[in-house]
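Just the one chain here, the form predicted alone, laid out as structure tokens.
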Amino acid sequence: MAQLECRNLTLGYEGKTVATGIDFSLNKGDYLFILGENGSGKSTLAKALLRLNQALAGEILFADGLKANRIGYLPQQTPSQKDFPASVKEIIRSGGLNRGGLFPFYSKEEKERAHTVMEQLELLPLENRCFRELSGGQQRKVLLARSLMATRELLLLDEPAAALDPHATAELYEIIRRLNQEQKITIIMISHDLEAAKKYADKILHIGKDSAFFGAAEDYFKGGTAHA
């Protein structure tokens, strides 16, 4: 059974439909790029997957122990987030709060998990630095690490490389590739970056105004479908 399956979704908000006929399924370890024009429903789909809002019609099914609160989510970064006055370590540890219930403290296991995640993303030298003092690329790595605290199954990333320079973008994409290939974490990447999709994705979901494409990345680009 697929780890995640969406059946004939209709998406919208405030009574307005933005996308219809969305069907796709993912197995553990897949790497999906979600492409489409602004306003096509990409972020609305992300919120539906996270149960932050409901699809207007259709079904979203989870399997293999996956639940909405076990999806690691990296939203688009806002200006206020860039000036957050907390240490790297504090921000990363806070990513596990959604898994830990109502207890407002960190267990030994959560602290060890945060240490492991910082080690994997080469953030240990920065753990006591203030987040707002970091470069844009470093901040995105910290927020990616925070999202990893919530999951060992699936990461949902909304334009993670937006506004980063080419070096920081390449570094971030390489980290995400390693998480996918070495830890078999399923990746869902919302993006406009066609070159990155060609390089990293094995599946593409393209949401358009009148139709949606889902299939192998090779078929998407070979068939001339690409126009995100």
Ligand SMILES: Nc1ncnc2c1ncn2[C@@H]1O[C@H](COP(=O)(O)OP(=O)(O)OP(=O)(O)O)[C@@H](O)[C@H]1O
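Residue numbers run from 1 along the displayed sequence. What you see is a predicted model; the values in this text were computed from it and never measured.
Only in words, not in the display: the form predicted in complex with this ligand, which the text now covers.
Visitor: Under a 4.5 angstroms heavy atom criterion, identify the one residue in Asp64, Glu37, Asp202, Glu171 near this ligand in the predicted complex.
Guide: If I apply the 4.5 Å criterion carefully, the residue I get is Glu37.
Visitor: Please run the contact check for Ser43 against this ligand in the predicted complex: heavy atoms, 4.5 angstroms, yes or no?
Guide: Looking in the predicted complex, residue contacts with this ligand include Ser43, since a heavy atom lies within 4.5 Å.
Visitor: I'd like to know if Ala216 sits close to this ligand in the predicted complex, meaning any non-hydrogen atom pair within 4.5 angstroms.
Guide: Although this ligand is absent here, Ala216 would stay clear of it in the predicted complex, with no heavy atoms inside 4.5 Å.
Visitor: In the predicted complex, does Gln76 have a heavy atom within 4.5 Å of this ligand?
Guide: Residue-level check for Gln76: yes, a contact with this ligand.
Visitor: If we define contact as a non-hydrogen atom of the residue within 4.5 angstroms of the partner, is His192 a contact of this ligand in the predicted complex?
Guide: The answer is yes: His192 has a heavy atom within 4.5 Å of this ligand.
Visitor: Have a look at 172 to 180, 25 to 33, 194 to 202, 43 to 51 and name the one stretch with heavy atoms inside 4.5 Å of this ligand in the predicted complex.
Guide: Of the options given, it is 43 to 51.
Visitor: With the partner left out here, which residues of 140 to 179 have a non-hydrogen atom within 4.5 Å of this ligand in the predicted complex?
Guide: The stretch touches the partner through Glu159 alone.
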